[in-house]
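The chain below stands alone and is given as structure tokens, in the form predicted alone.
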Amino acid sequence: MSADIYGNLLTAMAVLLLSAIVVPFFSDNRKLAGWLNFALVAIAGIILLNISYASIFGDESSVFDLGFLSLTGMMDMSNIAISIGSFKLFMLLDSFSAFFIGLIIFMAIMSAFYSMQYMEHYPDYSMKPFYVNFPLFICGMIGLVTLDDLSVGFTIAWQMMTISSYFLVKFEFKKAENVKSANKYLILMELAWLLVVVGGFLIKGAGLGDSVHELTYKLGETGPVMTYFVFGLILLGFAFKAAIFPFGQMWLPDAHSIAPSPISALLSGVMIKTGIYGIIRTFFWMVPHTEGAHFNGTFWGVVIATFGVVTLFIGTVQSMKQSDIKRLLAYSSIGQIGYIVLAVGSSLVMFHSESEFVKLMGLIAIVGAIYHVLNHAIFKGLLFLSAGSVLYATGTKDMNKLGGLLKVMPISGIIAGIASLSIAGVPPFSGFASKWTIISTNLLAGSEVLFLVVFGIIALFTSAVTLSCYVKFFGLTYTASGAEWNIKKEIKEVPGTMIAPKAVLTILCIVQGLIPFFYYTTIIDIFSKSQGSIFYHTFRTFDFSKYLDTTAMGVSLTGMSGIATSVAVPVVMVVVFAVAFLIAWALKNSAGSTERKADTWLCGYQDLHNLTRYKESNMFSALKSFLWWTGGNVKK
């Protein structure tokens, strides 16, 4: 990695800081400020996406030679030390961090474009705080995945991300409950920061500003008891940020549901992924390789996987109980993070197995985790933007007051439907391949590690609960009926500037579902190029072609020694569905039958009106009652 690419990284961050300084001066002219914010975020985005592409696909010759900021310094394992007086600030830009950079800035561009029109929804609030904190929020997240220490650089990035997002979360500060929720979010995020920093300083000989590489070396000389405290505190800190159960329930539903929708898309789509980044960097990279080091990978894998399976189940069930669209999406984010955390933990367990087959499943599981990081960012960002469109058009987030929007908002309805199918893991949309990879690796590895079978079954069942959440979300919002009686304004489709970013994300939901083989091979390349992880050499030397078939038909995990094969073939499923519909159509018309139209049966009621229509509390009421003990219950 050349020093020039770091200079470009700092240039992009400087553009974001410039946006935070300049755009607020134009905030009284909302249209102009929106376009300026988008333009500067897009300029930074072009630079960062160029860096991300070059880092992942290994083509540094394609990096723009901007020439604004040039860096020189010691470089080790793609790490560079920036000298500030006598102090050194370490930055690490490898393929793994570049993946997160690309994801963060891409979603930031989508949200910035969407915000130009959406923020007209707040005529009673000044836009100055929004345009100050939006680019600072993005800059902080970029810094968090590139600054390579657990003290000074980490603190700078964390505080920039946290404080700016705090002001964005409490944007509607005139509502007392919003300020209370935002304050709770800030306190818990500062607690998370403290846990990580204290964990880093417990390493024997740790100094202020030590790079993660140096901390890893010093961990080898740290005693066994203290090593458990180090990893335990760091895990707790990043668990708060990633919204792992029970920590996520303390802040995420409140914070993500009250923030402006484009900010909610960033909070759920990418910010909580910085916690995932921290967990993976710590438990797969910050591991001493010296003889006698006191890192128990199997133990920590079991702990993380257990947190993951509980998180995915509890978060998803709580989501099913919500009547507020954005709270449903927020709880659902906790559940989807659970899938990723389960995959990370089970991968750690599998990789430390003595069985070659189980180790293979561990490599595939971590690939599935990163693929779900990508998929979740896209479809959850899209869902929050869709929720924003509903709020913009109707003025409410309450599903009990909605219904029938598909007739007046057809484009938004189709987009929300595709996003719902994606998160539910319905083939051939994006969530299917990544979820199936996570579930199938646990089931297959469970032939030798029994508890992984149980975790896989729970994850599989929870996918059905996820489907129920989005049947409710889409059914009660876009189909059914209700808005015609409850909304006292004309409802119409949102403007094109709000549809365009949603359309881009919708296309990605389809593409990522239809061609998972491209993403699998890319993620394998990311790990094989990112030095320092515990499986770096395995990814570089392992012949995946023997056991992982990635073709245009889909992805198959081929078993060893007679173990069954797990296959994700979205294209084949599209063909099967198409054939099934054709057969059904042919049978329907084979006897010359005619179609008869009749009024909908209203369960004995004579007329459909606001009192006889189906409401949120009626949907899955028996299942919600049975699972009351999971929490997240909504008073009727």
Partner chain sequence: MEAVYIIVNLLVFLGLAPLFEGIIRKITAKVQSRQGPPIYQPYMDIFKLLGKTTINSADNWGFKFAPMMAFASIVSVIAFFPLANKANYLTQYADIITIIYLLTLGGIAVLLGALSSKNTYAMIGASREMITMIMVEPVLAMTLIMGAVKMKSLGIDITMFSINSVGYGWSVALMLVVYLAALQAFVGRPPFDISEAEIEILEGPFIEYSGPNYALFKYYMMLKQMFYAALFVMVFIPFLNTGIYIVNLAVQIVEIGVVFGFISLIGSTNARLRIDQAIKFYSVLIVLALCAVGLSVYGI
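These numbers were taken from a predicted model, which means no experiment stands behind them. Residue numbers count along the first chain shown, from 1.
One more form of this protein should be noted, the form predicted in complex with its partner chain, which is absent from this view; the next part is about it.
(message) Going by heavy atom distances of 4.5 angstroms or less, which of Val302, Ile499, Leu467, Leu514 would be at the interface with its partner chain in the predicted complex?
(response) Contact with its partner chain in the predicted complex is made by Leu467 alone.
(request) Note which of Ser323, Thr479, Thr538, Gln117 lies within 4.5 Å of its partner chain in the predicted complex, where distance is taken over heavy atoms; exactly one does. (result) Filtering the options by heavy-atom distance leaves Thr479.
(message) its partner chain is absent from this chain, but in the predicted complex, do Leu587, Leu623 and Phe626 each have a non-hydrogen atom within 4.5 Å of it?
(response) Result yes, every residue of the spot touches its partner chain.
(request) Just one of 184-192, 459-467, 99-107, 211-219 has residues with a heavy atom within 4.5 Å of its partner chain in the predicted complex, so point it out. (result) Among the listed stretches, the partner-contacting one is 459-467.
(message) Can you work out whether Lys435 and its partner chain are in contact in the predicted complex, taking contact to mean some heavy atom pair no more than 4.5 Å apart?
(response) Contact with its partner chain, yes.
(request) Decide whether Met160 counts as a contact residue for its partner chain in the predicted complex under a heavy atom distance cut-off of 4.5 Å. (result) No.
(message) Just checking whether Lys174 would be counted as a contact of its partner chain in the predicted complex - the rule being heavy atoms within 4.5 angstroms.
(response) The answer is no: Lys174 has no heavy atom within 4.5 Å of its partner chain.
(request) Mark Val576 yes when one of its heavy atoms lies within 4.5 Å of a heavy atom of its partner chain in the predicted complex, and no otherwise. (result) Judged by the heavy-atom cut-off of 4.5 Å, Val576 is in contact with its partner chain in the predicted complex.
(request) Using the arrangement in the predicted complex, list in sequence order the residues of 583-600 with any heavy atom within 4.5 angstroms of its partner chain. (result) Ile583, Ala584, Trp585, Leu587, Lys588, Ser590, Ala591, Ser593, Thr594, Glu595, Arg596, Lys597, Ala598, Asp599, Thr600 sit within 4.5 Å of the partner.
(message) Given that the shift is 3 Å or more, do the Cα atoms of Thr477 and Cys603 end up closer or farther apart in the predicted complex than in this form?
(response) Compared with this form, Thr477 and Cys603 lie farther apart in the predicted complex.
(request) Work out the direction of the Cα-Cα change for Tyr605 and Gly403 in the predicted complex: closer or farther than in this form? It's 3 angstroms or more. (result) Tyr605 and Gly403 sit farther apart in the predicted complex.
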